[in-house]
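Next up is one chain by itself, shown in structure tokens, the form predicted alone.
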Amino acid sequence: MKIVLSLLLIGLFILVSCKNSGDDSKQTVKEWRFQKEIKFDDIAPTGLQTDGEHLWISDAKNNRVIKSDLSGNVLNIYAGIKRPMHLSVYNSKVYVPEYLTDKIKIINGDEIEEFPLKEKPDAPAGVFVNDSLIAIADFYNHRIILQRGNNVLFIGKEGHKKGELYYPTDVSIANNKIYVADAYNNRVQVFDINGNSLKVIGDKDKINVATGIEVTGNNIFVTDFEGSRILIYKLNGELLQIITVHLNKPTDISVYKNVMYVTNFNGSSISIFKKL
């Protein structure tokens, strides 16, 4: 009887140990947690990028781009940019899609220049620059313009099927792939560098207007504007986390190391999250 009881106790101990071990492993999974919010008085933040030292904010309502430190203290204001949208920072230059003039402006130090486009978009909503490549979310033409030197490639067309776009608002290039915030199809689409459709992400997750996108080495971050959420995916499309706290109509997102910055269009603020 004692032997049987001892065996039962040993078995129970093993089960409890395994259960505790499983719980511990779950607790070590790092998730993004809210840290603080930066409030602004007269800024309607739409696009956002960080270079690790500064925040670059598109103030669409006031037709300007704001440069601030990481605490939100304004360092410079670049006025006269007609409805700036989703930005890209590359080699110390800030590339700004000017929605109302169909141009891409470049903030280079204290100067504002114009990028020489080979094909004119109709309301550029987002831009991404990487080496010799520039990708533009061509909002009303329902496509991505990919320009490399003098060569131009059009990706997507109006529609709702795989490989088709419906008012794209943001674009990112990573891992030799092109990721698109397919806003009013409520999803993310992935294309290869030649424009071939590879994958649809988020179409089952009830996204309500996918406005902003950020892609890192491991993850895809998407702002769900009407749903006031952030959705975080693996590169293969597996959903990892949904964030709903301290968000108010988020439009864009920028990640630097283990810090995530999110613009709240309705809240006139930026929410900061850290991976813990």
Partner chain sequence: MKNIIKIFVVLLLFGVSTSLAQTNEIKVRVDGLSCPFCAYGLEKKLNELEGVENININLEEGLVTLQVKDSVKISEEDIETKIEDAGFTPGEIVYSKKDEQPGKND
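Numbering follows the first chain given and starts at 1. On a predicted model such as this, the values are computed, not experimentally measured, just so you know.
There is also a form predicted in complex with its partner chain; it is not shown, and the following applies to it.
- A heavy atom within 4.5 Å of its partner chain in the model of the complex is found for exactly one of I38, A60, L48, I207: A60.
- None of F191, F139, Y95, Y78 but one reaches within 4.5 angstroms of its partner chain in the model of the complex through a heavy atom, and that residue is F139.
- Mapping the unseen interface onto this chain, A135 falls outside it, with no heavy atom inside 4.5 Å of its partner chain in the model of the complex.
- In the model of the complex, its partner chain lies within 4.5 Å of some heavy atom of D122.
- Among residues of the shown chain, Y167 is one whose heavy atoms approach its partner chain to within 4.5 Å in the model of the complex.
- Taking the partner from the other structure, its partner chain in the model of the complex has a heavy atom within 4.5 Å of a heavy atom of M85.
- The partner is not drawn, yet in the model of the complex one stretch among 172-180, 95-103, 110-118, 157-165 has residues with heavy atoms inside 4.5 Å of its partner chain: 95-103.
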